[in-house]
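Below you'll find only one chain, the form predicted alone, shown as structure tokens.
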């Protein structure tokens, strides 16, 4: 193997796949990057067996080849290397990285040699998997931005409890009427629905996306790459972003029947400005219990009162905000941290809350939603004073 590559391109490739390197590898080879050089591309791959990522960057390849090298070591060297053109070559069983230490005369030269290992046995990322395929088009109803938004608005609500694996992921369902993503940890629930016909063939397909996959996909979609396709198989899902592919195992098992917990009779409606409620909730929560994070909300005509008390600090907090509310007076209590997470996802504008009583979950949604979209959150109440 012999090639030259811009340091910025090499680092971009390494940084793209680095999070897929196993932190505690089941086998030593999984702590390495697979490096393949052919034509005018340098391809880098990483895998922890559950999540595999592959990306390619521009390079001038003189001699094609493939090998593996320590991912963390190579990443640390390239991260610290100044912008320059680098030479990568295999010499005497080692990968040699060399080049100038910056632009201009007198910048100096660097040369690093790293042990390599045979690529035999490194997990291969297939070009395709069997399953339902969905195509994405930039600027259409189904594009990268939609998927990124759906992940962002829901994935924060997944459970951290490892005893119920299905709740650790995001349910992604696609059917004749559109698609939805759902996440819940039992105390809160997030659902984002987008209407539309996104694949032909009828029926419904549902998979549970692991949180690490959601995180990596969202990170990639923040950059210049666009999602081209996704293939949902029985046990794996493959996302194609052109120069980058992500293959992940799915979380197995039926998802909970979350529709049963969505209340139908919440007739008390509160409308309040998010840019008022969010900072107020943050301030009042400072004096909430460090164990329960409880903030009480007292609703009366045209205002909402937030209160909290802390035995640890020995203090109380109280704020009154203007709001639109015309039903009977009601006092409810919620975990302020969960509520703050939800308000952050609403971002701005007005929040609408649908309530019933102190024991029934509240439904929180943005007052204004884009056509064809429905976003709502479910928040379980706490016993006031508990």
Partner chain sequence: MTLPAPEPPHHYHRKVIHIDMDAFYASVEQRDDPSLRGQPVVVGGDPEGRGVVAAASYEARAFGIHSAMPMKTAMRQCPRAIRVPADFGRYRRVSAELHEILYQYTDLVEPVALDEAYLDVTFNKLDIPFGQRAARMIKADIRRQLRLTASAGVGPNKFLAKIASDLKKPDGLVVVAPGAVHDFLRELPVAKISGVGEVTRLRLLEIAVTTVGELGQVPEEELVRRLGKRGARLHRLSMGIDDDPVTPEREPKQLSSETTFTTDLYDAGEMRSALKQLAEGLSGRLRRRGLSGRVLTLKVRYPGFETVTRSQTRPLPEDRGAPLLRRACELIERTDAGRRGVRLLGLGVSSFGGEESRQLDLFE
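Residue numbers count along the first chain shown, from 1. Since the model is a prediction, treat every value here as computed from it, not as a measurement.
Separately, the form predicted together with its partner chain exists; it is not shown, and the next lines address it.
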> Just one stretch in 208 to 216, 121 to 129, 270 to 278, 187 to 195 has heavy atoms within 4.5 Å of its partner chain in the predicted bound form, so which one is it?
Replying inline: 187 to 195
> Tell me, which of 296, 243, 153, 236 has a heavy atom within 4.5 angstroms of its partner chain in the predicted bound form?
Replying inline: 296
> Of these, 348, 358, 58, 324, which has a heavy atom no more than 4.5 Å from its partner chain in the predicted bound form?
Replying inline: 358
>> Is it the case in the predicted bound form that 318, 332 and 335 each bring at least one heavy atom within 4.5 Å of its partner chain?
In response: yes
> Applying a 4.5 Å heavy atom distance criterion, does residue 3 contact its partner chain in the predicted bound form?
Replying inline: no
> So in the predicted bound form, does residue 285 come within 4.5 Å of its partner chain, heavy atom to heavy atom?
Replying inline: no
>> Considering non-hydrogen atoms and a 4.5 Å limit, does its partner chain approach residue 138 in the predicted bound form?
In response: no
>> Since only the chain is shown here, I'm wondering whether residue 85 would be in contact with its partner chain in the predicted bound form (any heavy atom pair within 4.5 Å).
In response: no
